[in-house]
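Here's a solo chain for you in structure tokens, the form predicted on its own.
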Amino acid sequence: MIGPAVLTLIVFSLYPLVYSIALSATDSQLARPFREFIAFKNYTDAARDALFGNSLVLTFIYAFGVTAIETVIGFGLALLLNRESGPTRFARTLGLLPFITPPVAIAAIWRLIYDPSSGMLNHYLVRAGILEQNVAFLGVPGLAMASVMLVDIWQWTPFVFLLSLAVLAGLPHEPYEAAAVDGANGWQQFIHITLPLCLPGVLIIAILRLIGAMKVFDLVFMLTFGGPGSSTQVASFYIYKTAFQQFKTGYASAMTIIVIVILSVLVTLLTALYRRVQAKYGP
């Protein structure tokens, strides 16, 4: 049984990676793969490509920004609703809605909400006196990235909330009973017991979200298509445009390999951080 499992792993995991590495060493076009061997030229071109560099910066801003906000809000909500009651069960059910809603539907809904002429967001902000006139949230460079990030936060904060509830449910009762006997109040219990014990679990949740956010594509594709200009052109979207609009599949493969290497280094560093936190605060 091990043989088929290893073969499946090779076919579905290693083959695409090896294919991309081979493609990145050639001057391939979409209709003419492996056209000419050019060694590392695509990598040197990528290192000098200002648009690619900018897309990597935007990807990091997006990923770290949404991960930080989603972790704080999701964990905070879990602390507030960490009890068995009707509202808590309702909140858990509500938290499942983003997972069962297709990303395309989510993007379509938010395009309607952001609509500059008839969108709900403009309507209420103008009515409340916060805005003097309607704003094209997805059409202004300074607002477009923040608007896409808001949709991501809306979509994935319930994921952090549900996993944080699971972390809180697994905490031992003995430290709280001992702290109560010693006269510790709720804030002191949170700072000295809840937060240290939850830190490894919350950190691994944040790492999972960060990895997911680094791969963002669907929201950018549906909401802004990388615009206005290149203000929301994250790395995955820039690679897509290079491969399927400019047909430079060899160059796109080289950029893909660079992104994979960056992600691998980042995940390795975060995993090392998690192990240190786990060794210090874990059970």
Partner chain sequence: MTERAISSPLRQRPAKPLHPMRTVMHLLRWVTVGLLLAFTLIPLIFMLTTSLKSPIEIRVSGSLLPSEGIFLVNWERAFRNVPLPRYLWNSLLVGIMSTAMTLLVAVPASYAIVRFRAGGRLLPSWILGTYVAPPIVISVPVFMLMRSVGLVDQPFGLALLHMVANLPVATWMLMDFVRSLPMEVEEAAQMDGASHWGVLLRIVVPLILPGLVATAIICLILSWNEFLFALILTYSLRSQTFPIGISEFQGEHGLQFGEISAAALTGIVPVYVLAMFFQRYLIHGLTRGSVK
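Here the structure is a predicted model, which means the values were calculated and not measured. Residue numbers count along the first chain shown, from 1.
The discussion below concerns the form predicted in complex with the partner chain, not included here.
Even though the partner chain is not shown here, does it sit in the predicted bound form so that 6, 15 and 101 each have a heavy atom within 4.5 Å?
Every residue of the candidate spot has a heavy atom within 4.5 Å of the partner chain in the predicted bound form.
Identify which of 33, 227, 53, 65 has a heavy atom within 4.5 Å of the partner chain in the predicted bound form; exactly one of them does.
Only one listed residue qualifies here, and that residue is 33.
Out of 135, 199, 150, 143, which one falls within 4.5 Å of the partner chain in the predicted bound form, going by heavy atoms?
Filtering the options by heavy-atom distance leaves 150.
Considering non-hydrogen atoms and a 4.5 Å limit, does the partner chain approach residue 272 in the predicted bound form?
Contact check for residue 272: no, nothing within 4.5 Å of the partner chain in the predicted bound form.
I'd like to know whether residue 244 contacts the partner chain in the predicted bound form, with contact meaning heavy atoms within 4.5 angstroms.
Yes, contact at 4.5 Å.
Taking heavy atoms and a 4.5 Å cut-off, does residue 126 contact the partner chain in the predicted bound form?
Residue 126: no contact with the partner chain in the predicted bound form.
Against the partner chain in the predicted bound form, would residue 233 count as a contact residue? Criterion: heavy atoms within 4.5 Å.
The answer is no: residue 233 has no heavy atom within 4.5 Å of the partner chain.
At 4.5 Å, heavy atom to heavy atom, what parts of 256-280 sit next to the partner chain in the predicted bound form? List them in sequence order, or say none.
Heavy-atom contacts within 4.5 Å come from 256, 259, 260, 263, 267.
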